[in-house]
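Here you'll find one protein chain in two forms, each presented separately as structure tokens under the names structure 1 and structure 2.
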Structure 1
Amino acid sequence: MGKRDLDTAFFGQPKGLSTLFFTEMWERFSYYGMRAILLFYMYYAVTKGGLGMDQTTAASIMSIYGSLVYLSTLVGGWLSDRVWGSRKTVFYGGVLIMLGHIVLALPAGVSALYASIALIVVGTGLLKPNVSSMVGGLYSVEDRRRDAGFSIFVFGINIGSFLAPLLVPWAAQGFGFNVFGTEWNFHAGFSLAAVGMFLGLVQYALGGRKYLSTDSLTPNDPIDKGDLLNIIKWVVIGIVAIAIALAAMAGVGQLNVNNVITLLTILAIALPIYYFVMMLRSPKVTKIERSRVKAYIPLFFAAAIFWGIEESGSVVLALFAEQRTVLHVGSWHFAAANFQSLNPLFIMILTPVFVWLWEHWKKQPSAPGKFAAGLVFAGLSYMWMALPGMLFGTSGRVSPLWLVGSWFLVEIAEMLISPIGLSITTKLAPNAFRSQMMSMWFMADATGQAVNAQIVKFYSSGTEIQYFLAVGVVSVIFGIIMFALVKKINVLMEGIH
């Protein structure tokens, strides 16, 4: 394709990018709006409009919820590749997400919480990997605009993510008028999240018909009847195995939320191992593709560490904001949930800088080198959070600038890892596992958050120094190891840059 034939209608990018840009923007608005207030909804007392859960349990649920959301992308990627095609799979996912927020908006207690989790987990699993896969499909492998296009796509994600932690808590607090008669009405906030997903669905349905390729309407590797029967058999076996495990736990009196979370953590760690083995052994994967999958393994591991830190914004850092941070600047008061807008705010500020950098830096590091630097910055963001406790103790409140500094550092890490990871995943993906490989990118997030679901149990105001230092040092050490492996990974990538 010559330069004259290039579609440059959306800021120099294909017009289809605008449809996917706004779809993800609204989906992230709904998701991060819900997450901004969900932790507080779970552990606030009933008199404050919450469910009155134990704080540690609520934090673990938040982490495993995030893990399950990304874990389910494996199913979404498979259904897209083998059954529905990416466009239909995304639409079905958006509908389920919207229904999940509607259920959570109902004042039905813990039962509504778990029903909402199930709907949003499945819906996001269908939507996320396939939207990203369609972004990659807008470009040829040789198109130099790909990395910049993914950076713009991530920028759209963060517009929704920035507005949500401001508007959803505001709605939950009566739009500033306390019209609900209590400090919080979380269900009003969850309703606003549902509206956001509805707007995303409308935009996607209208724009998809005009600007997305018809290839997205059909699966890349359609399943035949024999394979379908085999898959159904294994799904039934899996369901039976889970039922037996839960029944065994109930039989010995151990069926409780914390043990279920531990079971899910094991699953989130085991699944990517299985998936890598399956792709490396598949006859559908060529020798060159197999080498590229091997190159992806250390990138996956690095991404899991990074996402474990980055996703703590709605868990550990949310607790720090609520319990250890001064929630006003002069006469300006704000909610602890508002801090979660710092993440996307810094990404939006930094994205143009990094887009320019990747387009003009001729001798820039390869993807593994960027990942290594990202791990170091992520670790430093946590080590920074150990300083206020070391300097002032852990019993009082400290300046909100500590959280601002931490988020700034981790967002530098995200700019080095997230858009680059999305792009390199589409480049390294075997043809037969295109969408499923994108699911592996989100699986790294699932694994990181699953580990968080266990280690967050050790966090409290009294242990914050040790907690932040330990996690931060681990990330920095693995960043240094990644730097040492850069040349070897580049060789395994077989010509992909």
Structure 2
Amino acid sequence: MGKRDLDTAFFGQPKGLSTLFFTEMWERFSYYGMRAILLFYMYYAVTKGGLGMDQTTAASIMSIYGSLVYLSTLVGGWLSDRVWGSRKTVFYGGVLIMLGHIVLALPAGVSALYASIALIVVGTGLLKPNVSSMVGGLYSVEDRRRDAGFSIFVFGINIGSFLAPLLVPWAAQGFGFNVFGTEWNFHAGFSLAAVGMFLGLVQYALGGRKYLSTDSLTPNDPIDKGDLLNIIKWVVIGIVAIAIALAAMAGVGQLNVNNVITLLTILAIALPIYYFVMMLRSPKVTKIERSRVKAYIPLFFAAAIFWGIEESGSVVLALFAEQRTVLHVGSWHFAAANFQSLNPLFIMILTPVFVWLWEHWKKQPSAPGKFAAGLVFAGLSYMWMALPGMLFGTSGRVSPLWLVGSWFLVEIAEMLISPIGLSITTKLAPNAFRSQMMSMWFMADATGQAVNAQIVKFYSSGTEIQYFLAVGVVSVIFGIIMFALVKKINVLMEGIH
């Protein structure tokens, strides 16, 4: 047994897990703290401390931003495998993320917003996939603590995501002291997000030196000169193509935020299609592996619909919280942004319940069956939100319990899809495409949010009943179709459960 296997310093896990746990906890703290107030920062009037954008554009930007953050993990995974190794890639990512929050902490308007988005998209792409894969790297193949290690790591994610939507909006309101003269100073909130990422970086740098293996300092599959030139060629072609597309849009007077968002939506839908076709046609993929990739297609589709609904919590449900919800219980007042804590709170509450369930339920459904049920729950979480409008009209405010109920339902769906999906993705991956397949999992989220960036334009208080019903029913219907396909998908999975 190697020295690393004996290390049980962190809840019975290697000490390196503590370093990665706190890195990711702080990174998610900064990300979800920023997102909890960003929507409001964008559309609040300038006199209220916002940028005064129109609400529809703001909602659409929130979604495409969320999409790009996960799309860019493709680049981060690649850079780590072939150029920097995971340790440095994560560090560079963290620095870019912190800079992204600092830019928003300055009162520099719309251009700062776009600069911040660019920094955080690239930074998260570098950090997120590699910090997770380093968790896997802490354990030898035989080490049975791996699953428990991942559960602890995911708990860290949720602690960060839970605390931030409470603390960051509070900072943006001067911690309850009337220091800003206005109700909101969003820049103060973004500063706290930057501080969070800074703390994450400091402990990553200190802990990493002591507890992370030196393997993580070098790439697994270092790039050679020929490949490098080829890549540079394609990057240049890509940049030129984008520049031409933007110039053409400008030429016909169509270069605006909405059209750029549409272009990015198309990209986020085209990329997974390209990946599936490539994997299915690759000579490196065996016949059995090809069948498993086919089985993954409906699972990907389901995951995209689920993430579309889950991620709309920081957009559509955030609007509902701000505009349609009573923001106090008795004398206890809270901010609309605080509702974002419900998602990770329910994850922390429900995880032990589901761990118990999967251990004890003998005839439990297979992964596709759980996905089907997940889609039904996700759909119900939306259909539930059509009720307050139907019962009381869409102009007043309703009890916060409506939102609490919706998040409860969507988190049951998350329990049925997110951890199950992560593990089935690794099992169905063809050998030659292990890390790309992991990126496909994040891409499902990116695709779901890219679709949101388009449909969210139809959401307003006036259309909420139709919106929640339409999207909810689509998810339920796909859930039912998925139930009908379970047997077929199981056959295609070729012995994987």
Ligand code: GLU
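In this text, all values refer to a predicted model and were calculated from it rather than measured experimentally. So that the term is clear: the rigid core is the largest set of C-alpha atoms that superpose within 1.5 Å between two forms. Counting starts at 1 with the first residue of structure 1 and goes up one by one along its sequence.
Next on the checklist: Please identify the form predicted in complex with ligand GLU: structure 1 or structure 2?
Outcome noted: The chain shown as structure 2 is the form predicted in complex with ligand GLU.
Next on the checklist: I want to check Pro344: does it shift between structures 1 and 2 by 2 Å or more at the Cα, with the core superposed?
Outcome noted: No, its C-alpha moves less than 2 Å.
Checklist entry - Core-aligned, does Phe150 move its Cα 2 Å or more between structures 1 and 2? => result Indeed, Phe150 is displaced by 2 Å or more.
Checklist entry - Does the distance between the two CA positions of Phe408 reach 2 Å or more between structures 1 and 2, the core being superposed? => result Not so; Phe408 is displaced by less than 2 Å.
Checklist entry - In Å, how large is the CA movement of Leu357 between structures 1 and 2 relative to the superposed rigid core? => result Its C-alpha shift, to one decimal, is 2.5 Å.
Next on the checklist: Given the rigid core as reference frame, how large is the C-alpha shift of Lys15 between structures 1 and 2? Answer in angstrom.
Outcome noted: A shift of 4.2 Å.
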